[in-house]
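In structure tokens, one chain follows: the form predicted on its own.
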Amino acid sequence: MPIIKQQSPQLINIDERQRPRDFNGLVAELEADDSTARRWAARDLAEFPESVEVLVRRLKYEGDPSVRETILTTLIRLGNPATMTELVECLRSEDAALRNEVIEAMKELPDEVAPIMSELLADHDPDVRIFAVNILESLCHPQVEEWLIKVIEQDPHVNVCATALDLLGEVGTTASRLGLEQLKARFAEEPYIGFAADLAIKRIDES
């Protein structure tokens, strides 16, 4: 009796993916029990700009790290206004892991984040403002120092200012010196602000 060679699961998955895959089919597959199927669905949904909402909805409870990574990669590839709206809402989540992943994703989208950065830095929630400063940490954009100066000059929350101060200690130039001096005066009762501002000013003066 001839031995029938079984097709490997990987080949079956690849062959399945080569079949026509429309938006509704991919959305349904994003809820599949099999993590490989969900991962392929998340990757293929990059062809559909309207998929942002369903991808973020899945991201909020997806348990497989590789699927989460693929969803975030797809969102970065899409990078449209809807993506930014959904990612900003995720910054308000109670899920710290989700917030951190979203912050890292937004760092990969400097051109898309730039138009909304002033809005983020003026958000009513000081935590969101802190997250916005965290995004600036790796955001390759010429306005980074300008945004940080605005924070230390105007933000009323000491923790937001301290976060911006830490980053200015690394990237600040003579343009931020006056703002640093004013920050020291505004939070004169906060020892850390004075200490970190002095360090930042010393680095600027020596550079």
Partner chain sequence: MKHILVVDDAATVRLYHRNILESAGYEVDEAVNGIEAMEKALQTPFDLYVVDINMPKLDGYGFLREIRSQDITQVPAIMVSTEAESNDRQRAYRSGANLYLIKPVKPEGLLTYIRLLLGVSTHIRPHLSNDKAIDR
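Residue numbers count along the first chain shown, from 1. Take the two forms, superpose them, and find the largest set of C-alpha atoms that agree within 1.5 Å; that set is the rigid core. Bear in mind that the values here come from a model prediction, so they are computed numbers and not experimental data.
One more form of this protein should be noted, the form predicted in complex with its partner chain, which is absent from this view; the next part is about it.
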property: Site check Asp127, Glu189 and Ala196: each within 4.5 Å of its partner chain in the predicted complex by heavy atom; result: yes
property: Heavy atom of Asp166 within 4.5 Å of its partner chain in the predicted complex; result: yes
property: In the predicted complex, Ser118 touching its partner chain (heavy atom, 4.5 Å); result: no
property: Contact test in the predicted complex: Glu89 vs its partner chain, heavy atoms, 4.5 Å; result: no
property: Its partner chain contact in the predicted complex: Gln154, any heavy atom under 4.5 Å; result: no
property: Partner contacts for 66-102, taking its partner chain in the predicted complex and a 4.5 Å heavy atom cut-off; result: Glu94, Ala96, Ala97, Arg99, Asn100
property: Core fit, then Ser66 C-alpha moves 2 Å or more between this form and the one not shown; result: yes
